[in-house]
Structure formats: C-alpha cells, structure tokens
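Only one chain is shown below, in structure tokens, and it's the form predicted alone.
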Amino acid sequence: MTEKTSTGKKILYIFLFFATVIVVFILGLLAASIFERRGESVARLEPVRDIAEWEPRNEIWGENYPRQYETYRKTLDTGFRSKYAGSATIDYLEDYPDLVVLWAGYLFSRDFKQARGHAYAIKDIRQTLRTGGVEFSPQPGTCWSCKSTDVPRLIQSMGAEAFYKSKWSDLGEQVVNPIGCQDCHEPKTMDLRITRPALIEALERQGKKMSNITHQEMRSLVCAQCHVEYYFKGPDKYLTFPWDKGFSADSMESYYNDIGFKDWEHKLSKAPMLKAQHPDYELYMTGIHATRGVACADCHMPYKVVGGVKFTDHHIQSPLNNIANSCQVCHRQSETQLLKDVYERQDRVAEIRKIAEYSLRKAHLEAELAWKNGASEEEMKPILELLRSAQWRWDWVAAANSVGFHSPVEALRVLGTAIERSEKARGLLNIVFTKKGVTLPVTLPDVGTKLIAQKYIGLDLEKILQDKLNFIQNVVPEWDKKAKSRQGSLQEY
C-alpha cells in the first residue's frame, strides 16, 4: 500500500467519523424535539383542576385549557372591520336609517348595532336600548338564552319553562358570565354538547336524534344553538325554532302563517310583522359549504398549532381576518383574490338588499297615508299581508351576519321576492289612493336620518336614554356585587 493511499484512507475515516457525529447529533435533536412535543401534547390532557358540571366561569376552564382560553380572550379585540362587518361597533340605524321605519313600533327601532365578540355578550345586552331600563323593562328571561354560560346552569336548576317566563331584569344577578366554554363543551371530556333545549326540540320535531349526529355536524350545531331564527312561543315566551317545515325563508314563513304568529304590529302601516333574528345557520344550510360538509368551525374557528399542540382557535371571528388558516386550507387562490371574490358577492347582495329596504320604507309610509285617508281594513288586508311577507324575506337575509355570503344565490332569490311583494303592495296602495282621490304620486315625509326617523315614529330618545343610564349606574353594579359574592369571583370583560 502506498503512502498516498494510506493518507487518503485516514482522511476518509476522519470524514466518516465527523459525519457520523453530526448525524447522531441531529438525530438526537430530532428525538428530543419529538419527545418534547409529545410531552406538550400529554400535558394538555392533564387537568389542573376539576371543573364542575355547570361551571359558568370561562377563566376557570382556562386553567385547564390555557391555549383555548387565551385565544377566546381575543374576541375582546374590536380592531377588525371588513367592508361590511367585522368585530368593530357599527350603528346600523345610523348607516341605514330606513331600518327605523321598517321596525316602527318594535324595539329594534331604538337600537341596532353590529354584534361584537362573544366576550362582550353580557356587556352589550345590558347596554342596548332594546332591553330597557329601570322604568321600562319589557323583556322576558328568554332574552338571556344565547348570552351567557350561566344559562345552562339556570335551565338545569329552574327548568326551561320557568327560566323563559321569568322577567329579564329579575335574572340579572344570575347571568353575568359571557358566552364561552360551557355553552358548547362537556367539562370532563371536552366533547361538544348541546346545552340549549330549543335546538334539541327542533331537531326532534324533524325526526332527528342527537345520538345520530356526527362530530362534524356538531361543529356547526353548537353554533346553531344561537345563530338561528327563533320566536317566543305563547304567553310563557318559550324559546322555539320554526324549523318544522324546513330551513328556508319560505318554509319558516309558512310555519308562522299556519300558527297565526306575529312579533308586533307595525306602528305606521299596522301590518302584522315578523322579525327575523339571525338565521345564520339556516342560510348556511342552503349554501355550497353545507353541501360540501364544511362546518361553521372550519371557517370561523380553524385549527391552530402551537409547539406540538394542535387545537381549535377560539378567537371566533370573521374568516376575512384569518384567510390563510380559514379559506386557504381548501382554496388555493391568493388572499387578494379570495377577498375580492367575497366582496363581489357581498356587493351584489348589499345592492339588492338596499333596493328592498327603500321599497319597504316607502310602502310602510304609503300604507300609513292610506289609513289617514280613510282606507278600510278590507282594502288594506291584502296590502298588509304582502308587506309582512316582503319584510320577512328581506330580514331573513339582512339579519344574517354574512351579508348573504353563506349562500349568495339563495340570498339574492329571497331578496328578489321581497322586492316583488313590496312593489305589489305599493301597486295596490296606488289603487286605494285613486279611490280616495289622493293625488299621485303621493308626498311622503322626510325620514332620511336616524334621529329624524326616530322622532317621526314617536320615540322619546331623551327619556329612553335617561332610563338606560339610570339602569347602568344603579342596577348593574348591584347585579355584579351579588354575583361576585355568590360565585366567589367575577372576571371583567
């Protein structure tokens, strides 16, 4: 063997030695990382404390599930506003004053704002003018149903019927913790569960059993406990979902007509009105995402990875503020293109919705004028039925939170029927005006701003605001004081 060959082998051996050391070192780091991630994963399953069956305080759950609670706390962030919605406060009556006329005689004509994050649920229901104040407190206990983790506890202890028929203000010291963990989770296993009887009852009337519901379906149904259309049934105000005939605007309208239900009588037109709440689930069920098996949580609560732990992001928000983790899991287009696609659909829905609002506002004012000029109940009956149907259909789209995006084709169809029925009502009103000798076109009052419209329909805003201020300053602090004494702590949100 030559000296040159021997030297070459030594160099090769040295190289192999150091290469082996480096590979072993890298494998060691990889193994350490794997064991660390496994440790993180196991650690998250070991509870810090036992959680009581009906524990309403989200911060207590957060001790066992800090990652989820940390992201839940982000629902306090009101910094994001999309083109039409988001988490920021939006005064819809200010931006769309026609709504004041559409809801004349109903509490929504006082106050209607964009809903903020779940953590604001208690604060916002206390502050809205719709729940009244000290002198005027019109709402039943049913109005708390979707606002708090205290609700399942109270329904279990009081019974659903007693809870619903209670007075809203009488339950104030008991309902203090905002929407959160217990609303959707079983405390021992964290399995998803339904805590609101109205949803279970509605599904059972459709012939569906909870035992047959899949986990993916539950990832939407826990949202459907609240993001739905509902009404207060009978004198006891029993919370009921009008799903017996289906989820569409048409089927729910038929349901209401069959039982002769109305939410209120319109102050100007005297039409027997329906008020859609927030039929997000129903509109979603008519759209392509539901057809493809995409759940609410897939878009609004996408999975998140921190270290070695994968969990559901509880910063429940618009997917438009989290496109990479929401939309782009399935759609490969750029964020810019996806946002453009969403806004194009919302623009079209918003355009047609505005036309419907304009037509309905004029129809109600014209109906008021017809009554003033001696129209009879017989002459007005078909007109008022058309107004009821038209506004219900407009509201079924307008009250949902997606500006129609959950099902844009169905939203546009329903808005089209709203315009058709509203304009048909206005055509019949012109016949009445002709019979009564009223010159056409009729002159209608100026209701072009929120304050002018509220004054026109007879709202005394100064008195209403003073009553609410009295409530906030003198009643709410007592509620919180008693609640803190009862449950030992009270987290401020």
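We number the residues from 1 along the sequence you see. In this text, all values refer to a predicted model and were calculated from it rather than measured experimentally.
Below, we turn to the form predicted in complex with another copy of the chain, even though it does not appear here.
Report task. Sort through V134, M210, I288, L192 and report the residue having a heavy atom within 4.5 Å of another copy of the chain in the predicted complex. Result -> Contact residue from the list: I288.
Query raised in the report: Quick one: of S82, T312, Q333, N325, which gets a non-hydrogen atom within 4.5 angstroms of another copy of the chain in the predicted complex?
Result: Checking each option against another copy of the chain in the predicted complex, the one that comes within 4.5 Å is Q333.
Query raised in the report: Is R67 close to another copy of the chain in the predicted complex, meaning a heavy atom pair under 4.5 Å apart or at it?
Result: No - in the predicted complex, heavy atoms of R67 and another copy of the chain never come within 4.5 Å of each other.
Query raised in the report: Is K237 a contact residue for another copy of the chain in the predicted complex, using a 4.5 Å heavy atom cut-off?
Result: K237: no, not in contact with another copy of the chain in the predicted complex.
Query raised in the report: With the partner left out of view, is A52 within 4.5 angstroms of another copy of the chain in the predicted complex by any non-hydrogen atom?
Result: Outside the cut-off, so no.
Query raised in the report: Is P408 close enough to touch another copy of the chain in the predicted complex, meaning at least one heavy atom pair within 4.5 Å?
Result: Yes, P408 lies within 4.5 Å of another copy of the chain in the predicted complex.
Query raised in the report: in the predicted complex, which of 463 to 471, 448 to 456, 57 to 65, 423 to 431 comes within 4.5 Å of another copy of the chain (heavy atoms)?
Result: That would be 423 to 431.
Query raised in the report: Candidate spot L203, K245 and S318, all three in 4.5 Å heavy atom range of another copy of the chain in the predicted complex?
Result: Contact check failed for every one of L203, K245 and S318.
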